[in-house]
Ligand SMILES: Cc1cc2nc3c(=O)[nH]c(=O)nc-3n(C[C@H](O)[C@H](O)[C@H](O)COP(=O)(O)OP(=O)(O)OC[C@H]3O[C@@H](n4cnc5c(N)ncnc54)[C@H](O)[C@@H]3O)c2cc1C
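Next up is one chain by itself, shown in structure tokens, the form predicted on its own.
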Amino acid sequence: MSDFDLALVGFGAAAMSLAVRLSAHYPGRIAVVEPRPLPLDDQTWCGWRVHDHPFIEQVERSWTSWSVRYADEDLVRSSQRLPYEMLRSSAVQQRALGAVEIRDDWSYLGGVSLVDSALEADSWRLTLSDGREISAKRVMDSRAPTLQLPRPWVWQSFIGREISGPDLDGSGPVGLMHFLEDDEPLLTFVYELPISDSRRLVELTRFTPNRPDRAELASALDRLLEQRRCGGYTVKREEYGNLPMAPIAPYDRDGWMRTGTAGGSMRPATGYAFHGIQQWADQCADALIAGHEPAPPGRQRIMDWLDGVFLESLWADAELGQAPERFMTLFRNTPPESLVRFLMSQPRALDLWGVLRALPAPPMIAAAGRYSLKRRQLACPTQA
């Protein structure tokens, strides 16, 4: 049985971000357990670059403008200082795999999954799907969580296709949220990345209490592409996911830490995670290299509370058919850079004030009252 100082179970964004930072300076041995064949071009990580990170060379495209659209209103907002950027999972994976390869004392255990674990003395004994066993003093587990989400928390379910063909304009802003009228709770919108003049990512997204069937979501996207006369374009790839829009509590017990989405790195009201993970990875890597105990991804109580109130307000708005207008109001009335820092969980005091002023007081106060009455039960969705 091989012994390691650290086992990374699942080579997602959190594990890869940490491996890249540790590769040059961490003295310990690391095992990476990843069942999928990597690299895979099956995800796109996007967000505003509020701080620099080690994957800037992997950014495929960045934009200085973005739009939100509902009915006849098309709001375009811009920032030269805080660009919105896109990274392909395959590019980030290639960078991270390279960081692992240069360490002769690290092991990449690809094509296998973790099937059992047991704490023995000061190490975890990990049994893999091919029968191998390894031990690790610390485990960082980024496997996707299984959750039950009570109101106001919802799933962000999406299916997207990267299409290629003539006459795809790559000069426009990012289509952040183009809302659609439909009967699905709570709201549905289209997300579009104009990657180039020949490529575009078109994604259908729902905020919903229950995860939709993938085939049903794909059929809805088919109809959307046909309506936009994109049905004849070549589909280069497809991405699909269900993101828990909920404040997942940190978990770090007996040397076993949950990281990434499983550890609560995702912002509940937005679904943005990659850039928040970079900040945790900086702090975690510094601690490990210095020989200290690392901290799990942290949560900001005020941001969790604001997210809960905002999502609770969306439930009420959805019953009146007005959920998209809540987002339009937020983007219409908040200075762009203030809203960007808020969405990326890096608000300054004046940014918070700007966001609070932008939203209508009566429905938000009512939502705050409903959410506050129940937040003790709602603060930590159950991980099954």
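These numbers were taken from a predicted model, which means no experiment stands behind them. The first residue of the sequence shown is number 1, and the count goes up from there.
Below, we refer to the form predicted together with this ligand, which is not included among the displayed structures.
No member of the trio A19, L126 and A285 reaches this ligand in the model of the complex with any non-hydrogen atom inside 4.5 Å. This chain is drawn without this ligand; in the model of the complex, the residue among L187, A281, V154, M266 with a heavy atom within 4.5 Å of it is M266. Proximity to this ligand in the model of the complex, defined as a heavy atom within 4.5 Å, singles out one entry of Q43, S345, Q58, T334, which is Q43.
Proximity of T261 to this ligand in the model of the complex falls within the 4.5 Å heavy atom cutoff.
This ligand is not drawn, but in the model of the complex it has no heavy atom within 4.5 Å of P294.
The shortest heavy atom separation between P54 and this ligand in the model of the complex exceeds 4.5 Å. Within 4.5 Å of some heavy atom of this ligand in the model of the complex lies at least one heavy atom of S113. Partner contacts here mean any heavy atom within 4.5 Å of this ligand in the model of the complex, and among 27-35, 312-320, 355-363, 59-67 they occur only in 27-35.
Applying a 4.5 Å heavy atom cutoff to this ligand in the model of the complex picks out S142, R143, F158 from 137-158, in order along the sequence.
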